[in-house]
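Before any questions on binding or motion, here is one chain by itself as structure tokens, the form predicted alone.
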């Protein structure tokens, strides 16, 4: 599979991140904000080894999808608020959070809780998109699509914010108090290494890719059809859709943080 990857993905940084994951014995792993369990599925492919996974999310519907996707895997899913976890101190060998930080109202509280339930010497892993840096035009389009989605989610009381900058993410990680922190950046996520449609996704102007993004925008608009802000959002969506058709869309770049909980 790796030999068949497009050059852009081979050179993105994702292979270096995969190599790092391959050095980690996960043990008992906690995935925070697990949604449909996609990051757990990736970790099963890239970790050196593991014992079990626990995925928590505040949305029961997401967990139902996760249970179906990973029904034959050693995973336990729980509805839980990440700000007030019910787990005992020092319970997990590894804690992780993926693409969920920009959905959190109190990021520092969640990271502190993750640190609390992690065993001394255990692995602390973050995978998160970021908003700045040398992003391509197609990635900037993806940011506009994401920001529109976040705006619509907010109208329904769903916590969803714009992606953070790299410096903000680094500051958050520094405040956790981890040892041996390593930081990686990649223009493609590690999960893309295993995607059967990787060649099509790699082309931001692929017709199927463009159609998929346009449908996402239309689906979001449909959610607010009866909302007072509909006309305003429809005009914003129209401009975003024009950009998608002209420039295509590629997922935002990703930061990875690997650290360990201090011993003693």
Ligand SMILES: C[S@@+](CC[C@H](N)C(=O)[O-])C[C@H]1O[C@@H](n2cnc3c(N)ncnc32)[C@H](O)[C@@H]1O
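Positions refer to the first chain, counted from 1. The structure presented is a predicted model; accordingly, all values stated were derived computationally and were not measured.
What follows is about the form predicted together with the ligand, which we do not show.
- For the options 99, 115, 184, 87, the one in contact with the ligand in the model of the complex, meaning a heavy atom within 4.5 Å, is 99.
- The listed set 239, 207, 48, 58 contains one residue whose heavy atoms approach the ligand in the model of the complex to within 4.5 Å, identified as 58.
- Annotated contacts: 33, 81 and 191 all touch the ligand in the model of the complex [non-hydrogen atom within 4.5 angstroms].
- The ligand in the model of the complex is approached by residue 39, whose closest heavy atom lies within 4.5 angstroms of it.
- Contact annotation: residue 173 falls outside 4.5 Å of the ligand in the model of the complex, judged by heavy atom distances.
- Within this chain, residue 62 lines the site of the ligand in the model of the complex, having a heavy atom no more than 4.5 Å away.
- The ligand in the model of the complex is not approached by residue 151, whose heavy atoms all lie more than 4.5 angstroms from it.
- Of the candidate stretches 175-183, 101-109, 137-145, 115-123, only 101-109 has residues whose heavy atoms lie within 4.5 Å of the ligand in the model of the complex.
- Scanning 248-264 for heavy atoms within 4.5 Å of the ligand in the model of the complex gives no residues at all.
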